[in-house]
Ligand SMILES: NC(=O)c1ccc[n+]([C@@H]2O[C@H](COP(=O)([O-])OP(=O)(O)OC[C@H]3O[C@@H](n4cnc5c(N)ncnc54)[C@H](OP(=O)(O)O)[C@@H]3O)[C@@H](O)[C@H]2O)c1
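In the block that follows, a single chain appears as structure tokens, in the form predicted alone.
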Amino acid sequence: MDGARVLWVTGGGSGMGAASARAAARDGWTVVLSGRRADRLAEVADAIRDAGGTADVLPLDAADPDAVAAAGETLLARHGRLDGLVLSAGLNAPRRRWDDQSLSDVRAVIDTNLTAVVTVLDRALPALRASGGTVVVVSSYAGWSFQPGAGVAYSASKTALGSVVRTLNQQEAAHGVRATHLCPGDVATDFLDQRPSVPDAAARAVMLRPDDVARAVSFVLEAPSHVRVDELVVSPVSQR
């Protein structure tokens, strides 16, 4: 396929998704940003364009299958192809233990972290088959190694993403589709505000930055077509 490669990024309005989008744009990708906050997406897109890159915005609640289907149609109508997918939207709740969690929070976390990932993947897969595309599922250190503080729903949903990636690689390799289960350790983003005990500035200072994760995403996206990175764990030296 000719023309600029097209990358769809969910959770593209902040944190690791935004950083990954900016890095991909520097590498020459046309970046399509999705997320629930149109204003944040617009800010990231404007920054990419100001730096000489190409960005588009498709506001989206990835947990809504109809919205995902419509966004996929719009993306292909505008750009004609899809070569990469970065799934970076995530959710947790401060009340996350068996003795204090609410089932509504459990459902919301699983819907965002797992069901929405599968929904977007399912919609994007035909176009990714056509391009031999690359998928990066931004999971968590808790999806690789059990973390007691991560919570019931978050741990279950992120661990399940490993199986999502494995099945995708096993079943879609014939089409050249490659997927990576990316498991970052602690990253200094606003996501930390969802913790029961919010880390202070000193704790955040020794964590990963979103740009650290973006470099890992770029490594996967820029790998030769015969190379697949099945799982990649990136953590700060301070991670315990």
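In case it trips you up, residue 1 is the first one in the sequence shown, and so on. If you're wondering where the values come from, they're calculated on a predicted model, not measured in any experiment.
There is also a form predicted in complex with the named molecule; it is not shown, and the following applies to it.
The closest non-hydrogen atom of Asp211 lies beyond 4.5 Å of the named molecule in the model of the complex. The named molecule is not shown here, and in the model of the complex it never comes within 4.5 Å of any heavy atom of Asp56. By the criterion of a heavy atom within 4.5 Å, Ile48 is excluded from the residues contacting the named molecule in the model of the complex. Taking non-hydrogen atoms only, Ala62 approaches the named molecule to within 4.5 angstroms in the model of the complex. The putative spot formed by Ser139, Leu192 and Arg195 is fully lined by the named molecule in the model of the complex; each residue has a non-hydrogen atom within 4.5 angstroms of it. The stretch in contact with the named molecule in the model of the complex, judged by heavy atoms within 4.5 Å, is 131-139, chosen from 70-78, 131-139, 95-103, 165-173. Contacts between stretch 79-99 and the named molecule, counted in the model of the complex as any heavy atom lying within 4.5 Å, involve Ser88, Ala89, Gly90, listed in sequence order.
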